[in-house]
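Form predicted on its own, single chain, as structure tokens, below.
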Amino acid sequence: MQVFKFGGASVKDAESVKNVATILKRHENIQKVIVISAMGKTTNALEDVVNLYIKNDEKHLQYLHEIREYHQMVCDDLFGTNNPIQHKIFAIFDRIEHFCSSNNSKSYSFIYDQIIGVGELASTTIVSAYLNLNGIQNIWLDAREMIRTDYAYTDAKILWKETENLVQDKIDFSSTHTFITQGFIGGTPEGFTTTLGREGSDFSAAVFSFCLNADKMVIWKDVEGVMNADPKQFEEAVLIPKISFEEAIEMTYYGAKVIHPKTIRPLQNKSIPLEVRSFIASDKGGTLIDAFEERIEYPPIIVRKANQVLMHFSAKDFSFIAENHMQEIFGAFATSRLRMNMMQNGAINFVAAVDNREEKINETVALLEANFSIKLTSDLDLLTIRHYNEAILNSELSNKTRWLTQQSQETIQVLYRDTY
């Protein structure tokens, strides 16, 4: 039994959906759960809908209709005039319109999650119907009825025992070899939609793998496998054929985008190997992530995170930054769920680099401004290099003004701004 995950690029249009069908036909005798993301850039477009709605801009309906028309166009290309799911697609988007007209909540995170999941619901409905019409029998399932979470909208935490029971209850391979479901979304006990963090479909697939004791999980991407750097940023990026669970956790922790940060741990806990393969060149082996015992020689692994904000804290009573101050600062970050990408403390100050998430930054500041003077510096980038050497350091850090540097035997991190 295997879990496959297909991202937005792999189902962005009719030809891409047909390619997914071709890949699945090569694995038709395998029991599998297929986790699918929203089509193409749908999630980005839905974020625009959310932002317009929050501003009471009626254009949010126009944007929502355009997203529905995009999915309708994919359906027309796949099914022709005899579209068997047109009513389902319209119903999915109608429910979002109804939410927008009846919602009373002012919470951005709650509103975001109720709207954003429509992309995954629409894409899986289309793919499931196309596969069924082309000889790949499958059952469509709603992930919100299986992935049970808490109420931390936009970054929900899995309730593991409830989720495991629901997944095992819903997925019975005696009826079919193939189930289709959504990535990224879950549900509260009351039925409200939650999301697992941006790009969270990888994590969804890992949750299903864990709950079903899968033999293997496969992520199908538009790259050959896991590269040592983003090939869109680094022309000399190379494939890493195999990676240990530990190294993969380090890579994702520092922001490598090929796999969602939460993906690895559930797989490692049950020794479930993960393959990262190309849906463009599906015959190639890609990258295997597993519990390798032998030592693996890695190339320098480069991760660049743009749009960072450096938060600078100093105590208003001019005292040293001691344990009680650290406890208060870390408690505020935990409450606002704002992740520190890099941190450093001195005698009278503490600094942390974070993603530029305005709402969470403002919440953190509000929690701490009574006792701390807080300064924010934006427009910074964070470079992390694992297994670095002097040549790669000189190459990557030339013409850059360093704001903060941390260095260990394996890893160097530099917060910087380009020097013009």
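Heads up: residue numbers just count along the shown sequence, starting at 1. Everything quoted here is computed from the prediction, not taken from an experiment.
Below, we refer to the form predicted together with a small molecule, which is not included among the displayed structures.
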Proximity of P299 to the small molecule in the predicted bound form, heavy atoms at 4.5 Å: no
Look up in the predicted bound form whether P261 has a non-hydrogen atom within 4.5 angstroms of the small molecule, and give yes or no. no
Though only this chain appears here, would H87 touch the small molecule in the predicted bound form if you measure heavy atom gaps against 4.5 Å? no
Would you classify G225 as touching the small molecule in the predicted bound form, given a 4.5 Å non-hydrogen atom cut-off? yes
Would G8, A229 and K232 all count as contacting the small molecule in the predicted bound form, using a 4.5 Å heavy atom cut-off? yes
Within 4.5 Å of the small molecule in the predicted bound form by heavy atoms, the stretch out of 251-259, 71-79, 160-168, 102-110 is 251-259
Looking at E275, E145, E199, E328 here, can you tell me which has any non-hydrogen atom within 4.5 angstroms of the small molecule in the predicted bound form? E199
